[in-house]
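Given next, in structure tokens, is a single chain: the form predicted on its own.
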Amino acid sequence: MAYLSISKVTKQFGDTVVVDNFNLDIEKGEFVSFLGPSGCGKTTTLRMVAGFELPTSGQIFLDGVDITDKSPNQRNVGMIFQSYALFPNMTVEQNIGFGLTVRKLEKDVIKQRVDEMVRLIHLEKHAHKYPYQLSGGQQQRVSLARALANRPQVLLLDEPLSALDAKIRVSLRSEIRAIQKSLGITAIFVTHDQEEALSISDRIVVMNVGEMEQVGTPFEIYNFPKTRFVANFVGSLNTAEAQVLDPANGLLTMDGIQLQTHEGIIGKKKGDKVTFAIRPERFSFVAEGKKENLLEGTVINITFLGSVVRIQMQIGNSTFNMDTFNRPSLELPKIGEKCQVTCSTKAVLILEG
């Protein structure tokens, strides 16, 4: 059995199903992110693991022990909230040691553990300060240290960076990941930010209206989305409708333009309609090297996005974006000009749903 197993878990509030038949196995030391829009059930699932909500049905096992009906204080998990939830009348050291004091550990053990946590979050010079004397990023570090001080079996993080500005978010998420790796602790991270999930996770669970849309590594989720929702929610995407020409060989036709996918199209026959997707960065100019798929279109807009230039093209009856790196030697077509772009068969994804 996996270290943390969430088996057939469903949660209802009245007649509303918030989480529906959720199944996930998490290995010890793994960092898993729940990614999805507001209201998709990711926080409710996290709260069921923490014990703040009880499943309507299903079971949760931690290290082989059934914790489904146990209260939060009966399961060894650490929780970090979006709000720092620090005690304003306690110093950094006192906040970190609060849980240890409640557990009535010996004073020397508490001091040793608190000192260890203070060093871990690099706040040695701020150990005697109160929360109002700290920045938002420093307060969240204290919250992290307080959760880790009890040496939980699982660390749960509920959108812990959403209240911070962009630069601090990037640096703090890297710190959280580094600390998690160094301690070898199992962690679940809830976020609606795809960049956060992609940058720090071992695996990502993409959720939508209470259901799991797809589970995979960041590489798999981004490059090989299985459903239309995942493809559109994670990264930028071009989508269009096409007809199947030859399902066995993955041949499609879109407005008379032929395309080929890397694999056969399972469950479809000639003439069936499908939705396909191509990431903007998977296109390139023919001059850079011709690939299996060749498309001709008219340039309708060019947008500079710093390190990337986005070229919008009309191909058939559909609009496609192509992203290319901005460099001094880049020669761009003019708006209204016809040009050819190319992509590999692996770039053409058939979407379900």
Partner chain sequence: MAQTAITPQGKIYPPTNWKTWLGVAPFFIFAILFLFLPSLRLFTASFTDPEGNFTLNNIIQLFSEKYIVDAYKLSIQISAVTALGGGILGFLLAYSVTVGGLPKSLRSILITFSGVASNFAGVPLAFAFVATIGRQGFMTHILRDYFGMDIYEAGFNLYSFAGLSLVYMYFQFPLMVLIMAPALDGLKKEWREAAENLGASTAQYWLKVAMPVLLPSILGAMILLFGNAFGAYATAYALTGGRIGVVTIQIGAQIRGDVLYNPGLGYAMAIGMVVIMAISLAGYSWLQAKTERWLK
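Residue numbers count along the first chain shown, from 1. Source: prediction; values computed, not measured.
Although not depicted, the form predicted in complex with its partner chain is the subject of the following passage.
Student: In the predicted complex, does Gly250 come within 4.5 Å of its partner chain, counting heavy atoms only?
Tutor: Judged by the heavy-atom cut-off of 4.5 Å, Gly250 is well away from its partner chain in the predicted complex.
Student: Can you work out whether Phe325 and its partner chain are in contact in the predicted complex, taking contact to mean some heavy atom pair no more than 4.5 Å apart?
Tutor: Judged by the heavy-atom cut-off of 4.5 Å, Phe325 is well away from its partner chain in the predicted complex.
Student: Can you check whether Lys104 is within 4.5 Å of its partner chain in the predicted complex, heavy atom basis?
Tutor: Judged by the heavy-atom cut-off of 4.5 Å, Lys104 is in contact with its partner chain in the predicted complex.
Student: Look up in the predicted complex whether Phe304 has a non-hydrogen atom within 4.5 angstroms of its partner chain, and give yes or no.
Tutor: Contact with its partner chain, no.
Student: Which of these residues, Thr217, Ser162, Ser236, Asn89, gets a heavy atom within 4.5 Å of its partner chain in the predicted complex?
Tutor: Exactly one residue meets the criterion: Asn89.
Student: Only one of Met79, Ala187, Ala242, Val205 has a non-hydrogen atom within 4.5 angstroms of its partner chain in the predicted complex; which is it?
Tutor: Of Met79, Ala187, Ala242, Val205, the residue with a heavy atom within 4.5 Å of its partner chain in the predicted complex is Met79.
Student: Specify the contacting stretch among 196-204, 223-231, 257-265, 140-148, defined as having any heavy atom within 4.5 Å of its partner chain in the predicted complex.
Tutor: Flagged stretch: 140-148.
Student: Heavy atoms within 4.5 Å of its partner chain in the predicted complex is the criterion; list the residues of 30-48 that meet it.
Tutor: Just Arg47.
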